[in-house]
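First, one chain by itself in structure tokens, the form predicted alone.
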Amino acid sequence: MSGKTQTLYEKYGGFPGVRQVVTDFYERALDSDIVGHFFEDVNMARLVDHQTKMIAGLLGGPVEISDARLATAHAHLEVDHYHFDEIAILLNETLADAGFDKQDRLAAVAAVEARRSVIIKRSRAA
């Protein structure tokens, strides 16, 4: 036994497993009345590639996306907490359907949640 702890990235199939999760996630996001509009006129194949790298990194995979890069990628959007909450819900549902156990889903969503302040640039008007 090597004593090396298995990452979530490894546990759930590496890059192909993460890519399937991301593809399923965007199918849900596109259908969402809350966040679907963010993906109009977006090259989805390119977005899935980028998001797969980001999620792979968050799950302990070999890719690291800096907070500065995340901030730049979202700077032109009007993402607020309401939108971010919807993304977290959709991600949790997608991970559950992909077979992630509850503890692993919480860890993955927490890793995304830790980037909330990097992605959100405004609060929803009352």
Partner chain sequence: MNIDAISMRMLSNIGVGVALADPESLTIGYRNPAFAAWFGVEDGAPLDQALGSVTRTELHEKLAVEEAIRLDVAVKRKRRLLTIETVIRHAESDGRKILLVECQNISRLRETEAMIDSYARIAEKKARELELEKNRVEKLLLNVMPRSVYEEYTAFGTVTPKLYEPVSVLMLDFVGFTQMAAAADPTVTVTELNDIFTAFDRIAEMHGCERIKTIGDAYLAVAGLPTPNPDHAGAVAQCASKMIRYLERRNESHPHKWQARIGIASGSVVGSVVGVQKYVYDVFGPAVNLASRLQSLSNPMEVTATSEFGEDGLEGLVPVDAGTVDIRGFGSTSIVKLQARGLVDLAA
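The model shown is predicted, which means the values in this text are computed figures rather than measured ones. Numbering follows the first chain given and starts at 1.
What comes next is about the form predicted together with the partner chain, which does not appear here.
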Quiz item: Using 4.5 Å between non-hydrogen atoms, is P62 touching the partner chain in the predicted complex?
Solution: yes
Practice problem: Verify the contact flag for N92: yes if a non-hydrogen atom of it lies within 4.5 Å of a non-hydrogen atom of the partner chain in the predicted complex, no if not. | Solution: no
Quiz prompt | Distance check, K53 to the partner chain in the predicted complex, heavy atom within 4.5 Å | solution = yes
Quiz item: Taking the shortest heavy atom distance, is L30 within 4.5 Å of the partner chain in the predicted complex?
Solution: yes
Exercise. Run the contact test on D67, A107 and V112 with a 4.5 Å heavy atom cut-off to the partner chain in the predicted complex and return yes or no.
Key: no
Quiz item: Though the partner chain is not shown, can you say which of A96, A75, A88, V48 has a heavy atom within 4.5 Å of it in the predicted complex?
Solution: V48
Self-check item: Residues from 9 to 38 in contact with the partner chain (non-hydrogen atom within 4.5 Å) in the predicted complex
Solution: Y9, F15, R19, V22, T23, Y26, E27, L30, D31, S32, D33, G36, H37
